[in-house]
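What follows is a single chain, given as structure tokens, in the form predicted on its own.
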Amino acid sequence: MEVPFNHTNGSCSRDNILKAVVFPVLYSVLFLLGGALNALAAWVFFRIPSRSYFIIYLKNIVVADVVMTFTFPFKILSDSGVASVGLRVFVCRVSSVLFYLTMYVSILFFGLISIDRCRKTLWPFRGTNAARLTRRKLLSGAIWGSLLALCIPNVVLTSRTPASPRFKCSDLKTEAGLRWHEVVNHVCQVIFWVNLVAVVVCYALITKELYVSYSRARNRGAGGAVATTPGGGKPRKRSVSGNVFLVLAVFFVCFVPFHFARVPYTMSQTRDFLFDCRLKLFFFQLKEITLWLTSLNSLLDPLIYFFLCQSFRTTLFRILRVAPGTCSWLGLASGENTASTPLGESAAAGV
């Protein structure tokens, strides 16, 4: 819920070059690059069977990114001031709701991916089966259904007719809509913070396990002993790569800054007496900057698909008719093996 700015001071108006020029240009770049990469990713994943939790979660993130990317043109037109009143109303009622819906869908699946990677690190030989895959698909559907149920009232209750061309989205909400919007904000904060804790804990455990595994391998090498697996064979070689922390990096770059900036921004909008106009403007601009970082997620996610999912690379190379060893200089395996390993679908992609 927002409190109107004092427009008597022109320097405090939200309509400045940052909002009207800089961000439309930045979102245009995201739309062009992110749209192309996510269209390619969706095309590739359409050809990959859902044989692991990891693939299921990545497919859901692809869908979320595609939907988010389609909201960018509406925001570009609205922020740049060239949109009609009707289009700006559509942005408030539908486009913005879809944007935040896909943001929290991605956050939830990032949390699930972190849990899955942690599970694969701590229990690397635990397999999966059709029943478990079905449960993960049902979980994915439940996530989408729950967030849609949470967001639909925001669409329905944003039903007022704008009183003037200079309106904010909160001006279109009914009293019930404002109250529901506040409830949704609290729920979304819980979703973020729970997943932040899950991501941090999982990667702390992953880091610990990688260190222990590395120490054991080094000690065995120094002692000349050769360990064997329970079946009597040689253990699979595990090499540590910085790629394993790509999920963590994308999560912190894209989602953490926005949610830290959102706290003072929300306070500046709901506790009018504590903030002057300039401070409100500062927090608004900080929120918009970190919101763009959140949107950057749609451009960075394809890196996760490429570096951590061997099935994605193999299928992509096959579609593009690229030689399998083309990316060997990146330390990525490019064979047909898609067996799950701790952090990716191949030893080179994970550990």
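None of the values given here were measured: they were computed from a predicted structure. Numbering starts at 1 and runs along the sequence shown. Basically, rigid core = biggest C-alpha set you can superpose within 1.5 Å across the two forms.
Only in words, not in the display: the form predicted in complex with a small molecule, which the text now covers.
- Picking from 258 to 266, 200 to 208, 131 to 139, 106 to 114 the stretch near the small molecule in the predicted bound form, with a 4.5 Å limit on heavy atoms, gives 258 to 266.
- When you look in the predicted bound form, the only residue of F45, F317, F284, F70 with a non-hydrogen atom within 4.5 Å of the small molecule is F284.
- When the small molecule is considered in the predicted bound form, only one residue from N195, T121, N243, N154 comes within 4.5 Å through any heavy atom, namely N154.
- Contact annotation: K280 falls outside 4.5 Å of the small molecule in the predicted bound form, judged by heavy atom distances.
- In the predicted bound form, the small molecule lies farther than 4.5 Å from every heavy atom of C254.
- N185 belongs to the set of residues with a heavy atom inside 4.5 Å of the small molecule in the predicted bound form.
- Residue contact check for C92: one or more of its heavy atoms lie within 4.5 Å of the small molecule in the predicted bound form.
- Once you line up the core between the shown form and the other one, the Cα of F70 stays within less than 2 Å of where it was.
- Relative to the superposed rigid core, V184 undergoes a CA displacement smaller than 2 Å between the shown form and the other one.
- When two forms of a protein are overlaid on their rigid core, residues whose CA moves 2 Å or more are considered shifted, and F306 is not one of them between the shown form and the other one.
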